[in-house]
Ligand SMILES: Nc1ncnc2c1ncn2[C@@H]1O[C@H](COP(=O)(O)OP(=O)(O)OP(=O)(O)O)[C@@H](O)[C@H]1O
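The form predicted alone is given below as one chain in structure tokens.
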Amino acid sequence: MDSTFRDDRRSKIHGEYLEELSEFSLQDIRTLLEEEQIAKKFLGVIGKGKEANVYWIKDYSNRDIAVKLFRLHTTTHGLQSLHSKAKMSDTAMLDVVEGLCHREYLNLHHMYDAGVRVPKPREQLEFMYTMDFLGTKRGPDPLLLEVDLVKEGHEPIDVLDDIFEQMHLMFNEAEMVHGDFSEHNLVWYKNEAWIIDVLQSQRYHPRYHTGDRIRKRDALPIMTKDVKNINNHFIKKYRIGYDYKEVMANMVEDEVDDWNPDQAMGEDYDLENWVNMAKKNAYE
């Protein structure tokens, strides 16, 4: 498969391309998107990940759209382990993958509806969904990782403040935590940081652990790690940042009993929890 726009940028930064992880040829993808009447014109590959690839297309309204297509067999280590233990059939695996796709699509909707700066979700079809394209006619805009804010005339501390405001909105209005928040999952679009890749994100309930929500108390250590991740990026790259405890004190509007930031940072967050939940609530 051809390299992606972001691979080309990374090769200049790191001197190498990402490992090829796709099970489809580009022609397979073009045919699939055209048969499902999703793509009027296929423009290129935006990014490749362990769970899915993202493609840039023109839809039948002649809009630039991004399509995220989840991989059926080449999956995260969590799903590979799940698949091995359960000895799942291809049909059962497809159900899981469709469930993961549906989960991320709903997560994106929850954030978008709460006013969080994410690409607008469009529609889901089995193991793929469409969303607004973050870029120009020249191609997708870069990840925050690839941007030098100072050279582009921006004050890094103002950008960091804005990112924390988006996280505050996500936590208090969408009642969600991202779970993998970093410079790798922020797109620098229209001079602002836009949040992407929300598959592992979780909604919380103020007091209880339910079938599709974790307790708010359990969401706090996840948010703390997210805050530390992006804060550390700015400290390393721009030599500015905050005490994460002060950020978290402003992040959480209501007090939560039995939560200690220092203790929370020592706890291990089980990333396979969302995999098991996706299997249980696989798309019907």
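Predicted model, so just to flag it, every value in this text is computed and none were measured. Residue positions are given as counts along the sequence shown, with the first one as 1.
Unshown form predicted in complex with the ligand; subsequent notes refer to it.
From the candidate stretches 190 to 198, 203 to 211, 168 to 176, 155 to 163, select the single one in contact with the ligand in the model of the complex, where contact means a heavy atom within 4.5 Å.
-> That would be 190 to 198.
Which one of 57, 54, 33, 219 is close to the ligand in the model of the complex, taking close to mean a heavy atom within 4.5 Å?
-> The option sitting close enough to the partner is 54.
Heavy atoms within 4.5 Å of the ligand in the model of the complex: does residue 241 have any?
-> Answer no; every heavy atom of residue 241 is more than 4.5 Å from the ligand in the model of the complex.
The ligand contact at residue 127 in the model of the complex, heavy atom, 4.5 Å | So residue 127 does not count as contacting the ligand.
At the 4.5 Å heavy atom threshold, is residue 106 in contact with the ligand in the model of the complex?
-> Taking the distances in the model of the complex, the answer for residue 106 is no, it never comes within 4.5 Å of the ligand.
Report whether the minimum heavy atom distance between residue 247 and the ligand in the model of the complex is within 4.5 Å.
-> It does not: once the ligand is placed as it appears in the model of the complex, residue 247 has no heavy atom within 4.5 Å of it.
Partner contacts for 41 to 65, taking the ligand in the model of the complex and a 4.5 Å heavy atom cut-off = Going through 41 to 65 in order - heavy atoms within 4.5 Å of the ligand in the model of the complex - the hits are 46, 47, 49, 50, 51, 52, 54.
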